[in-house]
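Shown below, as structure tokens, is a lone chain in the form predicted on its own; questions about how it binds or moves come after it.
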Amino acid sequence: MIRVAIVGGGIAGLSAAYFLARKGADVSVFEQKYLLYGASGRNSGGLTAQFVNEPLIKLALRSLELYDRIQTETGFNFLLRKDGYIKIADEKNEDALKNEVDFQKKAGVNVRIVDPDFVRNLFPDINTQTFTAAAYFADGGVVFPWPVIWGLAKGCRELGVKIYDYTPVRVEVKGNEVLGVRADSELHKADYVINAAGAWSNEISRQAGIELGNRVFREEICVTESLKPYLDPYILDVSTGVYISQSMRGEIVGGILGKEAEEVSVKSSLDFLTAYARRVTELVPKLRGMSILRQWAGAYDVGRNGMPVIGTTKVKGFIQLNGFGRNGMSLALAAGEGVAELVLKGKSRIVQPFNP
């Protein structure tokens, strides 16, 4: 039986564990803290395939299929809503948005350009003076990240996966081959070690003697007090970086696209809150005066060329599964499935374009 040690208990690591275990592998997942500590527990849950790279689009479309399938297989409700994902743009960014849509249509994405009135029909409180065009992906939407992780963990455990939380590990290599991972003094031997450590992937990679070079980003999000649910799609303003959606409890969930950081940090800031409040109330004036219930920050990694890093390395048995940026919820289910195929069959067409 193939033994696999996965470093990182986020959506990428758990997805790989789930698909490996379904095929009979002996899988252990090691999370340095608790399962929702990393980016998988600190994001806004947007699901989209609106990328300008065909391999990314294939991962995203496959992931959308897998959400439906895994919910059924695990018997766990991910609180998934496919009510659409909308990118809006001002006049300065309108042409770029239209070019994106042309590319995405050719790649098979069900996306189209719509006018501001179309968006207002979906969300009456949006200020249509702040944008001139929008790209509407009807099959996209929002998922609540926490149930996704809880459901995947449940499915993994039922398949025999051992999940160790609060267990930092160190990758052990002998010569040019992985031996496994060491937790405290115990060596957990493995034929494959998968680096799914997100923002900590550079550090894990160095333990195997490989310079990964992923960039680390920090992004902040907040939620307001609850309103009657009336905002169905996820909306991203590509001109300002502001995004909003509404949870099933009625909270407005929003943030600003993340910035590159020198170190991993999950501390919140007043600067974010004031910048977000200014931008989001221009977009949705009705939100003025709403109370913020809580805010948080998350850290994620981006591959050095802006793409995920998925595949084998110069160290036999050491596999990268990281660099998803802020799109882990959109991409990582299919990436995990692909890595399982790579481990068990030696190749995977869907993740091959991301080979380091």
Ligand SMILES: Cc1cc2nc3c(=O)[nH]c(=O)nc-3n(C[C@H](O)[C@H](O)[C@H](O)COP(=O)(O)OP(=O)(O)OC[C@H]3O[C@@H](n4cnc5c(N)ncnc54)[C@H](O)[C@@H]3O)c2cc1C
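Small disclaimer: the values here were computed from a predicted structure and weren't measured. One-based numbering along the sequence shown.
If you look for the form predicted in complex with the named molecule, you will not find it shown, but the lines that follow are about it.
ask   = Which one, Ala299, Leu61, Ile70, Val315, lies within 4.5 Å of the named molecule in the model of the complex by heavy atoms?
value = Exactly one listed residue reaches within 4.5 Å, namely Ala299.
task = Quick one: from Gly303, Gly45, Gly311, Pro55, grab the residue that has a heavy atom within 4.5 Å of the named molecule in the model of the complex.
result = Filtering the options by heavy-atom distance leaves Gly45.
inquiry  = Taking 4.5 angstroms as the heavy atom distance cut-off, pick the stretch from 164-172, 109-117, 86-94, 282-290 that is near the named molecule in the model of the complex.
reply    = Heavy-atom contact with the partner occurs in 164-172.
ask   = in the model of the complex, do Phe30, Tyr234 and Arg326 all put a heavy atom within 4.5 Å of the named molecule?
value = The answer is yes; Phe30, Tyr234 and Arg326 each reach the named molecule.
task = Using a 4.5 Å heavy atom cut-off, state whether Ser40 contacts the named molecule in the model of the complex.
result = Judged by the heavy-atom cut-off of 4.5 Å, Ser40 is in contact with the named molecule in the model of the complex.
message = Using a 4.5 angstroms cut-off on non-hydrogen atoms, would Ser330 count as touching the named molecule in the model of the complex?
response = Looking in the model of the complex, residue contacts with the named molecule include Ser330, since a heavy atom lies within 4.5 Å.
query = Should Ala196 be counted as a contact of the named molecule in the model of the complex, where contact means heavy atoms within 4.5 Å?
reply = Yes, Ala196 is a contact residue.
message = Just checking whether Leu80 would be counted as a contact of the named molecule in the model of the complex - the rule being heavy atoms within 4.5 angstroms.
response = Outside the cut-off, so no.
ask   = Quick one: which residues from 1-24 get a non-hydrogen atom within 4.5 Å of the named molecule in the model of the complex?
value = In sequence order, Val7, Gly8, Gly9, Gly10, Ile11, Ala12, Gly13 come within 4.5 Å of the partner.
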